[in-house]
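The chain below stands alone and is given as structure tokens, in the form predicted on its own.
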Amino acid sequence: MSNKPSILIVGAGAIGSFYGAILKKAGCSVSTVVRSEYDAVKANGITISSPLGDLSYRPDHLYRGGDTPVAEPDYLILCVKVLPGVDRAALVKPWMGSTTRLVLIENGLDIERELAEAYPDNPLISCLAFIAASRTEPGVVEHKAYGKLVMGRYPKGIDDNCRELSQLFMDGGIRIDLTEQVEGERWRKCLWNTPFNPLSVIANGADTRTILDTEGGEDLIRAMIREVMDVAAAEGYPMDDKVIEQNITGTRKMPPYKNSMAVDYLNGRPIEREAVLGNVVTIAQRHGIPVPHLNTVLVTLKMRAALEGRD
């Protein structure tokens, strides 16, 4: 294990825990920074059930925020929610070394900029996770399907750091697609996240099957995907119409899935409304592109948040 890079996961929820497990399986030293689940993870480690087998593991080092790291990690993987008021640059500061590679596995658009500006001398790798995984209780994760990462250097390109990290993930048993244009891939990810995640919240935590099987649901998803595609094209990332049906078909093939935004909402946690949906609408307005379905869903979410005192 001594010749493998050291990994630190900041934000060991469902996503961070899963990808930490994959790197642990690849032979890396994997440590985690946790907050509310510290006691559970310290007592029992991280339990992960998965089609890939039992991925449960104990972090090599377990930290709370503000602890002093045993050593600077080779790769710091940030997996926290992108929420208003969360200073992610400050969050990772105690753990960043001069040679630490910073890796984002997070949802949303234009989420790299503040970290790239805060750490201009550290390589920044941006990743998009295509995975169905949920945290069911403290320190316990259920991985239902998928797990692929799309990875590239921010703002563009593929470097040796990407190649090294991608090989480690592949050694752990998942698929990696390297991309020269990671910002364009973020738009592709929004084709799914931007419709499904917010609709699941409006529908009180509906799973993917319920959303698609409800009369008019599949047509609504298609319309929202089309609007995201129109905005992406205006930003310089046009996509083939076939991706609409690919997203619908791929979702129907997976087990009924209650996405992370729905789980966060049902558990009273903040949701990534602006990163996943609001930013798309803002960019659409900048280009003068009508997005009536996206805007209706965004305003409805804001109404619901105001009614429930969540904003």
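A residue's number is simply how far along the shown sequence it sits, counting from 1. If you superpose the two forms and keep the largest set of C-alpha atoms that fall within 1.5 Å, you have the rigid core. The model shown is predicted, which means the values in this text are computed figures rather than measured ones.
Not on display, but discussed next: the form predicted in complex with a further copy of the same chain.
Proximity of Gly288 to a further copy of the same chain in the predicted complex falls outside the 4.5 Å heavy atom cutoff. The closest heavy atom approach of Gly236 to a further copy of the same chain in the predicted complex falls outside 4.5 Å. Interface residue remark: Ala206 is counted as part of the site for a further copy of the same chain in the predicted complex, having a heavy atom within 4.5 Å. Residue contact check for Val10: none of its heavy atoms lie within 4.5 Å of a further copy of the same chain in the predicted complex. Remark: of stretches 163 to 171, 134 to 142, 102 to 110, 215 to 223, the one touching a further copy of the same chain in the predicted complex is 215 to 223 (heavy atom within 4.5 Å). Residues of 49 to 64 that come within 4.5 Å of a further copy of the same chain in the predicted complex, judged by any heavy atom, do not exist; none qualify. Once the cores line up, the CA of His293 ends up 2 angstroms or more apart between the shown form and the other one.
Once both forms are overlaid on the rigid core, the distance between the two CA positions of Glu218 between the shown form and the other one is 2 angstroms or more.
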